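As structure tokens, one chain now follows by itself in the form predicted alone.
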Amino acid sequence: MKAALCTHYGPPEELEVKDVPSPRPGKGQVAITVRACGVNFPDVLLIQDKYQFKPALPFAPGGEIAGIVKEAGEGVTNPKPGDAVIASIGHGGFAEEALADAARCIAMPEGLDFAVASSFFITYGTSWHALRDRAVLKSGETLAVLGAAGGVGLAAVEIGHAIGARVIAGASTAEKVELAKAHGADDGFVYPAGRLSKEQQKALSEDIKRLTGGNGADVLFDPVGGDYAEPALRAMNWGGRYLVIGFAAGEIPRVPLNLTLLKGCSIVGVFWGAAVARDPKKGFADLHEITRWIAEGRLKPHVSARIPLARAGEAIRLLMDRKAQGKVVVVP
């Protein structure tokens, strides 16, 4: 079989597509013929040796897949060969076949496209955990989302809208803001890309305050970090919850903690993968609920690009350059 491998740490253009042996499932595992693999920001970090988890070289990126079970290992009765499944695997998905723990697979709903099925585990799982568990977002509250057209951002927009919050979408272009509005945002604003001047930071805060009636956001969802974090924190409502999702801007911000005192607000860390590892029963119950919402049409994952395995590096480059809208999927 073929796989797009990270043989050394570096840019995505240096991934190498090679022939490798087909994987054989061990105890509690299944081998899956991969039909689609969602691309996520951890893939950007993995190939640069910047992620918390470090698989041994060489490895294939790609942590969420959809496909058909090819073979079941010892002790596995469900799923069985021939079943269509979605699986969370950490890495290994940029390949024609991949291994998954049977316990980390869920049945793929009938009628769901493989590319869409591979596109929501990490993004919707993260945003669901962030909004429902960490922020406990309530109907009628105001949710501001930065990076609102990216994978986790667009998922947060949809989940916030479904909960009944007023959703404000921030993104780097008017086109991205319009995409977020099409997925449930009530209003939005455009901020500059890259490093922000003091004037631009002030404008970002003022935009959030203006669109929240001067009150500020009850919940702020931030997967961007960098120069965007402090002005966003300054635009929090009293008692607000600022969600630390990630650092797509490339820099881990340092913020003045006196702002939390002045606003009575909380800075809340979000690490969905660790939460699932600590309580897998709840994590996969949440994924089943998300799947049900998708089947009912309450959530509609947006796949903006389907890229063949031979050009898998291009998929990661789209995320690195913050050009992705919704999800990018690699299709073997």
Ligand SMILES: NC(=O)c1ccc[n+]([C@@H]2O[C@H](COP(=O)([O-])OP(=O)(O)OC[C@H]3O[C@@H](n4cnc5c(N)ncnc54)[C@H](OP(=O)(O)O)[C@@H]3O)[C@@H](O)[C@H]2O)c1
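In case it trips you up, residue 1 is the first one in the sequence shown, and so on. Source: prediction; values computed, not measured.
The next section is about a form of this same protein that is not shown, the form predicted in complex with this ligand.
In the predicted bound form, Ser172 approaches this ligand with a heavy atom inside 4.5 Å.
A residue is said to contact a partner when one of its heavy atoms sits within 4.5 Å of a partner heavy atom; Leu45 meets this definition for this ligand in the predicted bound form. Put simply, Gly92 is far from this ligand in the predicted bound form: not one heavy atom of it is within 4.5 Å. Using a 4.5 Å cutoff between non-hydrogen atoms, Cys265 does not count as a contact of this ligand in the predicted bound form. Contact check at 4.5 Å (heavy atoms) against this ligand in the predicted bound form: all three of Asn40, Gly150 and Gly326 pass. Only one listed stretch (103-111, 238-246, 201-209, 72-80) carries heavy atoms within 4.5 Å of this ligand in the predicted bound form, and that stretch is 238-246. Proximity to this ligand in the predicted bound form, taken as a non-hydrogen atom within 4.5 angstroms, holds for one residue of Phe284, Phe271, Phe59, Trp293, which is Phe271. Applying a 4.5 Å heavy atom cutoff to this ligand in the predicted bound form picks out Pro223, Val224 from 212-227, in order along the sequence.
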